[in-house]
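First, one chain by itself in structure tokens, the form predicted on its own.
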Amino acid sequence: MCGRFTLRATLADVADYFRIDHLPDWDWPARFNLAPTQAVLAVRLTGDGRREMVRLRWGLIPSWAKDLNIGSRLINARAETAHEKPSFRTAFARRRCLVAADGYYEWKKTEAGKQPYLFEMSDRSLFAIAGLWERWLGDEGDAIESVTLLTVPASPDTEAVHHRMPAILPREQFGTWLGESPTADSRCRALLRPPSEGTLRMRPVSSFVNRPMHEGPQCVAPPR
């Protein structure tokens, strides 16, 4: 599972990492505690095949849903089965995206309570989580675009804390996942696997991050 993550990088850094030519006309403040139902930054293809950055609500709302509350239960989708689940299969075939991040959190039970850990790339760089997005229309015709994060079995770097982790894709796989050329679903599914040992590092952080409403550098500070 992935229930909280960070994106502290600037829009310019994200654009450079994902090879996007034009910055959006909105700002992105550093985020230390992104939580479900909040806006996350994603990369997808436009109708003419260009990569674009967009803000999507975290928690996928299927187009057939009666209300948006279902999104809070669909923040993650298992990579092994997403292509066949009614909530995700159409998006898997047609609306794949990449969610920008530079860290994510998991919690481990201890005698003193739940200890949060921050997982980052070994070089502390940006990374991309495989996602699926949808567009939902409310009763008043208002459109909400939302996203779910795909998860895979834990890698050797993460399994001591949790048995699942976000599906992180390397840069050379971005084009295939986004569908920049016709790609079979089976090939996309083959991309979704844990990274090799040594890719990620983890460290304990302050319990300040436990509350979704908390934000700021204190979230990633060492525990006291």
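All residue numbers are counted from 1 along the displayed sequence. From a predicted model like this one, the values you see are computed outputs, not experimental measurements.
Heads up, the form predicted in complex with the DNA isn't pictured, but that's what we're talking about next.
Every member of the trio 64, 76 and 85 reaches the DNA in the predicted complex with some non-hydrogen atom inside 4.5 Å. Only one of 21-29, 197-205, 210-218, 8-16 places residue heavy atoms within 4.5 angstroms of the DNA in the predicted complex, namely 210-218. Within 4.5 Å of any heavy atom of the DNA in the predicted complex lies no heavy atom of residue 188.
A residue is said to contact a partner when one of its heavy atoms sits within 4.5 Å of a partner heavy atom; residue 35 meets this definition for the DNA in the predicted complex.
Among heavy atoms of residue 146, none comes within 4.5 Å of the DNA in the predicted complex. The shortest heavy atom separation between residue 133 and the DNA in the predicted complex exceeds 4.5 Å. Contacts of stretch 1-32 with the DNA in the predicted complex, defined by any heavy atom lying within 4.5 Å, are made by 1, 3, 4, listed in sequence order.
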